[in-house]
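A lone chain, given as structure tokens: the form predicted on its own.
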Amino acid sequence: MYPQQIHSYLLKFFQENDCHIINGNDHYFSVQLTIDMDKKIMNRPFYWRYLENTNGVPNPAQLTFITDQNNLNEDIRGEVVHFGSPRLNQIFQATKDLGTFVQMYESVLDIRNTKTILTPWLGVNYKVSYYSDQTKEMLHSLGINLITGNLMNDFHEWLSEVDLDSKIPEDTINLTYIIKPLRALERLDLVVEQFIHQDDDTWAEEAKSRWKKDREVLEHFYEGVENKPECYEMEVKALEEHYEARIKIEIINGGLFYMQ
């Protein structure tokens, strides 16, 4: 997941949850949290419990996120966020808690006094995790046109440029999808699987090589022992589980988007 994708994702997340973006550029931004968002991501329940018991004045946190430290020229102090960082994983979880699926419409300005046609898209954000003794994570944001079947990569980035609303705009014709969302989702799942098959599997081979070296060390330790103790088998199994190459695909969120 590239820095610009993380930046776009975070901006959209906070804006959709009514958090005011104070300032920033393409490499960082500062945001004023709402009370609800502070409670969800700041992990300070005792502070809020104290305020509620004493009728105190709430002061939700103000955060600065640095999404591209390498290209940041200003002297900005903030929290560096990258793919796999605890804060980003926390916001992924908050997205799930707040609602995994949405249905939104592009805002339309009626300047021609004619009805605007909106086309349905299914958009899904996937997280692919590669596990062994080391972990690598990738984000794939995909969209599919439910009329034509056209696919789009980096769908979330494209979506971030569109002014969306949860209310159906007036003077629009919202086309009924031809491809059912469930079928479209199956197609997107296949696309993600193709990405995985085409991906470099060096990480798995390297994990296997490290497992082999550690297994040799273990065998050397028990060399000459005819009746190996029970702990030997436990250690062999633990090594195998530690280095075993596994891939996990998760849907972070998704939705139906009606757009021009």
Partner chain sequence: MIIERSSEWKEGFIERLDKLETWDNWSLYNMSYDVVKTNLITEFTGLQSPKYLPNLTPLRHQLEVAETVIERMNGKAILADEVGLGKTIEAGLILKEYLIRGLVKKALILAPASLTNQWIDELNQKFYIPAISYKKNYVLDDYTVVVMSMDMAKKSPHKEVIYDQNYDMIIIDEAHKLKNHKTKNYEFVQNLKKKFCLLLTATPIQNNVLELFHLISLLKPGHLGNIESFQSSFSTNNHSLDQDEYLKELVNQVMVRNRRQDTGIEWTNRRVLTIPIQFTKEEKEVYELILDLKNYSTVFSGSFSMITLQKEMCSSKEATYLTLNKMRQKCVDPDEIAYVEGIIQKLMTLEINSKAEKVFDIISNANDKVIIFTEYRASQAYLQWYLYSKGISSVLFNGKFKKNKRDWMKQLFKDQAQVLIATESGGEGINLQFCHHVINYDLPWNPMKLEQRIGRVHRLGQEHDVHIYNLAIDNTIEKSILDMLYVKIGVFEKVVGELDDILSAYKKSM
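C-alpha atoms forming the largest set that superposes within 1.5 Å between two forms make up the rigid core. Positions refer to the first chain, counted from 1. These figures come from a predicted structure and were not determined experimentally.
Note that the form predicted together with its partner chain isn't included here; everything after this is about it.
Chemist: Using a 4.5 Å heavy atom cut-off, which stretch among 24 to 32, 59 to 67, 46 to 54, 228 to 236 contacts its partner chain in the predicted bound form?
Modeler: Residues of 228 to 236 come within 4.5 Å of the partner.
Chemist: Would you say all of F83, S141 and L164 touch its partner chain in the predicted bound form, counting a heavy atom within 4.5 Å as a touch?
Modeler: Verified in the predicted bound form; spot residues all in contact, yes.
Chemist: Might T135 be said to contact its partner chain in the predicted bound form, defining contact as any heavy atom within 4.5 Å?
Modeler: T135: contacts its partner chain in the predicted bound form.
Chemist: Tell me, yes or no, whether H242 is in contact with its partner chain in the predicted bound form, where a contact means a heavy atom of each within 4.5 Å.
Modeler: Contact with its partner chain, yes.
Chemist: Would M42 count as a contact of its partner chain in the predicted bound form, using a 4.5 angstroms cut-off between non-hydrogen atoms?
Modeler: The answer is no: M42 has no heavy atom within 4.5 Å of its partner chain.
Chemist: Answer yes if any heavy atom of T95 is within 4.5 Å of a heavy atom of its partner chain in the predicted bound form; otherwise answer no.
Modeler: Yes - in the predicted bound form, heavy atoms of T95 and its partner chain come within 4.5 Å of each other.
Chemist: Using a 4.5 Å cut-off on heavy atoms, which residues of 245 to 260 contact its partner chain in the predicted bound form?
Modeler: Result: A245, R246, I247, K248, I249, I251, I252, N253, G254, G255, L256, F257.
Chemist: Following rigid core alignment, is the displacement of the E241 C-alpha between the shown form and the other one equal to or greater than 2 angstroms?
Modeler: After core superposition, the displacement of the E241 C-alpha between the shown form and the other one stays below 2 Å, so no.
Chemist: With both forms fitted on the core, give yes or no for whether the Cα of K212 moves by 2 angstroms or more between the shown form and the other one.
Modeler: K212: C-alpha displaced by 2 Å or more between the shown form and the other one.
Chemist: Quick one: once the rigid core is lined up, does D36 have its C-alpha move by 2 Å or more between the shown form and the other one?
Modeler: The answer is yes; the displacement is at least 2 Å.
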